[in-house]
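Below, in C-alpha cells: the form predicted alone, a single chain.
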Amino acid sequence: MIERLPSGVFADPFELDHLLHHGAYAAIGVFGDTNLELPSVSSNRSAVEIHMNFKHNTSSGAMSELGIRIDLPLHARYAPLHESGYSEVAFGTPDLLVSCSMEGSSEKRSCLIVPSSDSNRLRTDVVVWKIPCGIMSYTNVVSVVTFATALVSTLVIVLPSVLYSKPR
C-alpha cells in the first residue's frame, strides 16, 4: 500500500521502524519530508509505503471476502492559526494496493491490483481529521499571559538565588 499523506500530517519513521521490528509489517518506507519538528506551513508532503504478508483462509471451500485493515500511526504538525480553532486535513484512498500469491503450482498463483481510481472496490470514505490549532483573535491574550508567566517564573528562580546566596 502506498499512502500519500496530506500536508500537516506525518508518519514518524522511528515509530514505524518499531512496528517493523515487532513484525506488524514485512517492510515500511517513508518518503519525503521526515523532519518531525517542522510546522505544517514549512513542511512538504510525504508518502508511506507498507508491505504486508497475509494468507487468504478458505478452509470451507467457498469463496470468502478478504478484509484488510492497516493501522498507520500518524501525527499532526503545528497548524497555522484559524478562527474556528481547528485545521482540517483530508485523507483519500491509498494510491495502490497490490497483492500477489506465488505459492504452489501455477494454477494457484494469483495477483490482485487495485488502483486508487477504482474507488468502488476500496470501501473507504474520505477521512477528515480536525486538528486543534490556535484561534487568531486570542493571540494578544495568549502573548500577554505567556510573557507574564515567564516573567514570574524567572523571578521565582532568580530572586531566591540572589537573596540567599552566601557572600564570599
Partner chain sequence: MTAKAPMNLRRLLIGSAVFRLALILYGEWQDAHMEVRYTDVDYLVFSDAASLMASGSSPYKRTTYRYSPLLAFLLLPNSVLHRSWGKFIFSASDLLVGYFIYKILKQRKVAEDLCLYSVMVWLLNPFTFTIGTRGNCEPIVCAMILWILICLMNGKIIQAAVWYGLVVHFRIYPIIYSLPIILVLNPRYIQLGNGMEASTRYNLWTAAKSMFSKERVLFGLVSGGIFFLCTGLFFHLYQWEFLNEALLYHLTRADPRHNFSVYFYHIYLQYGRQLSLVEKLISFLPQSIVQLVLISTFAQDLPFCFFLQTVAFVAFNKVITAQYFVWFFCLLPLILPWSDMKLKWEGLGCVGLWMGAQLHWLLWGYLLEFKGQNVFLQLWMASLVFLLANASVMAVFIRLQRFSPIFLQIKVSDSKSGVKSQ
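Because the structure is a prediction, the values reported are computed rather than measured. Basically, rigid core = biggest C-alpha set you can superpose within 1.5 Å across the two forms. Numbering follows the first chain given and starts at 1.
The discussion below concerns the form predicted in complex with its partner chain, not included here.
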**Prompt:** So which of I70, A47, I135, A26 reaches within 4.5 angstroms of its partner chain in the predicted bound form, heavy atom to heavy atom?
**Reply:** I135
**Asked** According to a 4.5 angstroms non-hydrogen atom cut-off, is G32 in contact with its partner chain in the predicted bound form?
**Response** no
**Message:** Would you classify G92 as touching its partner chain in the predicted bound form, given a 4.5 Å non-hydrogen atom cut-off?
**Reply:** no
**Message:** Against its partner chain in the predicted bound form, would N53 count as a contact residue? Criterion: heavy atoms within 4.5 Å.
**Reply:** no
**Prompt:** Which residues, if any, of 142-159 lie within 4.5 Å of its partner chain in the predicted bound form when only heavy atoms count?
**Reply:** V142, S143, V145, T146, F147, T149, A150, V152, S153, T154, V156, I157, V158
**Message:** Following rigid core alignment, is the displacement of the G23 C-alpha between this form and the one not shown equal to or greater than 2 angstroms?
**Reply:** no
